[in-house]
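Read the single chain below, which is given as structure tokens and is the form predicted on its own.
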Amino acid sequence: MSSIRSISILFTFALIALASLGASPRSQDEMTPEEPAAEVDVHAEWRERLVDDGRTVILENVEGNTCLECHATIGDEWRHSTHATAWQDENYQKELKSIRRKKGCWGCHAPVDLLGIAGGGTPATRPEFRHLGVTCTTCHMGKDGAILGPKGQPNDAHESLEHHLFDAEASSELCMTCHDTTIGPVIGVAKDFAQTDLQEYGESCVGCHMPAIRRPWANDPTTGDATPMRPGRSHRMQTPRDPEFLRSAFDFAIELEAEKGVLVISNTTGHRVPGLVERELRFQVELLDADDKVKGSAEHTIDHRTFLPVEEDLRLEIEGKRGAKIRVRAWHKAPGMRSEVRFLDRVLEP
């Protein structure tokens, strides 16, 4: 689908630690290294958008995660992510009760360090601090104890080295370690991504689920003073609990004919939609004339059985004469949600 290759939708670390909700920051060459840290909560607006989908919003108990002593800002992002709450998540714990081989889930909800098995292998379960879910060391701890990332950063706390798995071309490999697994209600959507050529066009899990951001990368554990601002990727992990993020999963086009109108819905993610059993996305469309009078309507729901495949389109026909535009509204429903949440309301004209 052309829209996928022409738009760099923000899509990560599906494991990392994991559309595009904001413009990319200035390139690193344009950054001023000495630019002071801002005294603002860069995630405040994002948190306000989140809907109650039955999942834990923040990990309160961070005992055992010593990384947060020097990485408070990034740690706050992580605490609000579905990675941090992967073990504490109420839906996960409820689903776990009905699964016979529970240990098959543990390896992705409280995994050991993954860098050693990225690209092939089954994640093992961390023997302690399971409440931390997918934690910092899960993705960043090397075999020899060094902390690995997109860039090495000399410091007195630990060895910090650059690693190729954090390059843009390889940034989905870590994610796929867990997210290519289909078990219980979870669908291994990373397999869809692996079967496309999207990575050749610069698409990745990180690019969508870890938005580009500028913030301090560390702080002095004694004084609390933050390092200068620099570009990076947010560890808050974008998910459909954010309506704005969910809207970015689709592109729309319309076709108007004498006796009907057609709404074309394109999947702009790197995988099937939806990617969870019992998640439903209901679309309601109306054919309007030039005076906004309804000339016809149609409705369609996609779920894990009638999903929209990656790089494919859905055509919804609305019978009616003298159509001049089409209004599309959509609602999201998932396990744990008390009611549907509208995430889209748009009028499309030729």
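Numbering starts at 1 and follows the sequence shown. This one's a predicted model, so the numbers in the text were calculated from it and none came from an experiment.
Omitted here: the form predicted in complex with heme C (HEC). The next part is about that form.
- Though the partner is left out of this view, Thr125 does not reach within 4.5 Å of heme C (HEC) in the predicted bound form, counting heavy atoms only.
- Shown alone here, Ile265 lies farther than 4.5 Å from heme C (HEC) in the predicted bound form, counting heavy atoms only.
- Taking the partner from the other structure, heme C (HEC) in the predicted bound form has a heavy atom within 4.5 Å of a heavy atom of Gly270.
- Contact annotation for Cys70: at least one heavy atom lies within 4.5 Å of heme C (HEC) in the predicted bound form.
- The candidate site formed by Ile183, Val189 and His235 is fully in contact with heme C (HEC) in the predicted bound form, as each residue has a non-hydrogen atom within 4.5 angstroms of it.
- Of the residues in 198-216, those that come within 4.5 Å of heme C (HEC) in the predicted bound form through at least one heavy atom are, in sequence order, Glu203, Ser204, Cys205, Val206, Cys208, His209, Met210, Arg215.
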